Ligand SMILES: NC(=O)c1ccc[n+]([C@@H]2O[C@H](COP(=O)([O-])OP(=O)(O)OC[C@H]3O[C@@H](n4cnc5c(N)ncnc54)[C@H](O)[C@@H]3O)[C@@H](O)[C@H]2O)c1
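One chain is shown next in structure tokens, namely the form predicted alone.
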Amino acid sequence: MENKIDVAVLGLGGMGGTHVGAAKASPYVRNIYGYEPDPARAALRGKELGVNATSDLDSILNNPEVKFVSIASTNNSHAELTEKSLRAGKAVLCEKPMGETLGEAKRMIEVEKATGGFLQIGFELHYSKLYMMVKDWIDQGLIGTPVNCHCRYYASEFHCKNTWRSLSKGTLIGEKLSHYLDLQRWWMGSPVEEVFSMSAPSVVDYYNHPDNHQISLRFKNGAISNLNFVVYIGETDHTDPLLEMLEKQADDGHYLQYHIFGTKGAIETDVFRRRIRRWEFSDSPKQLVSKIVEKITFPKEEDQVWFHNTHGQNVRIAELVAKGMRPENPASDAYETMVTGFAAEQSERERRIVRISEFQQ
């Protein structure tokens, strides 16, 4: 195949392994390089993942055959590695969050514009069938105009003690919940105007950040949305090989559901029940009539394709880069999601409604 490129994955932890796997699956990738700042870890992870890994970042950035850099490092290095890679002429896919501060995120956009480079942020739910189907149904007008959106996300504690995530100074809004705020922005099709967020006293006392959030958004067109997140109610998973994980979690306190309400119908997504449903509203002499008119389920073998398709996203972006195409989801749009997240954090700190215009002055 023509247009094959060399790829580098910066950060070879768990997510880095996913990025390496996608690069191996792409017909557009020739050679794969890995980077870890510690030489011993670079050698170990390179051997485990079957890639040529190094602790010398310059050897990657100065290699003209490396056209695409995929950043899966810790959050505090996202902005720096993105800037260095863009200035070295590489196309970049960077995991969210864009940075630990809004200033870092803004800097990434500025460098992208200055270099004219390729930058896409890893909001892989745009490539996940469950959420793509919601967007398609909305675009078809099947639920009319979306006016209200609720996400209920209840989980077990999944970061564990003394990890960089549990010790991070940044909240779970940027690290995790930005995915679900991003979906709300994508579906509602209107800029966010106001954000109000609250968090209750934490239950997980070894976190450096809140373990719960209730985030409400008001959009320019008058629509509203809500994200309700708690990280401790779901039963702790001890990986019982005799139990199918999602089937167990469907009734042990885990929830990851969306309800999107429109003027002509509604949509529900339910990760743990592996389904998406659509309601249709109609009129009658007596009342508004609601009816479930469509229900789609998916098998466990397709879980990641349906609700967290990082692999598919990365394979697709390698193709875009190899063909000289532009990002499908602009980094500038991802930046607006990051602004929304930072507004939520500010709202919690100051206990007030925060207007997005405050970040645009």
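Just so it is clear, the structure is predicted and the values come from calculations on it, not from any experiment. We number the residues from 1 along the sequence you see.
The same protein has a further form, the form predicted together with this ligand, not shown here; the description that follows concerns it.
Novice: Would residue 30 sit within 4.5 Å of this ligand in the model of the complex, counting heavy atoms only?
Specialist: Judged by the heavy-atom cut-off of 4.5 Å, residue 30 is well away from this ligand in the model of the complex.
Novice: Whether residue 278 contacts this ligand in the model of the complex should be assessed with a 4.5 Å heavy atom distance threshold; does it?
Specialist: The answer is no: residue 278 has no heavy atom within 4.5 Å of this ligand.
Novice: Heavy atom to heavy atom, is residue 120 within 4.5 Å of this ligand in the model of the complex?
Specialist: Contact with this ligand, no.
Novice: Is there any non-hydrogen atom of residue 213 lying within 4.5 Å of this ligand in the model of the complex?
Specialist: Taking the distances in the model of the complex, the answer for residue 213 is no, it never comes within 4.5 Å of this ligand.
Novice: Of these, 126, 96, 254, 90, which has a heavy atom no more than 4.5 Å from this ligand in the model of the complex?
Specialist: Of the candidates 126, 96, 254, 90, 96 is the one lying within 4.5 Å of this ligand in the model of the complex.
Novice: Specify the contacting stretch among 215-223, 173-181, 130-138, 201-209, defined as having any heavy atom within 4.5 Å of this ligand in the model of the complex.
Specialist: Every other range fails; the passing one is 173-181.
Novice: Determine the residues of 314-348 with a heavy atom within 4.5 Å of this ligand in the model of the complex and present them in sequence order; the list may be empty.
Specialist: Not one residue comes within 4.5 Å of the partner.
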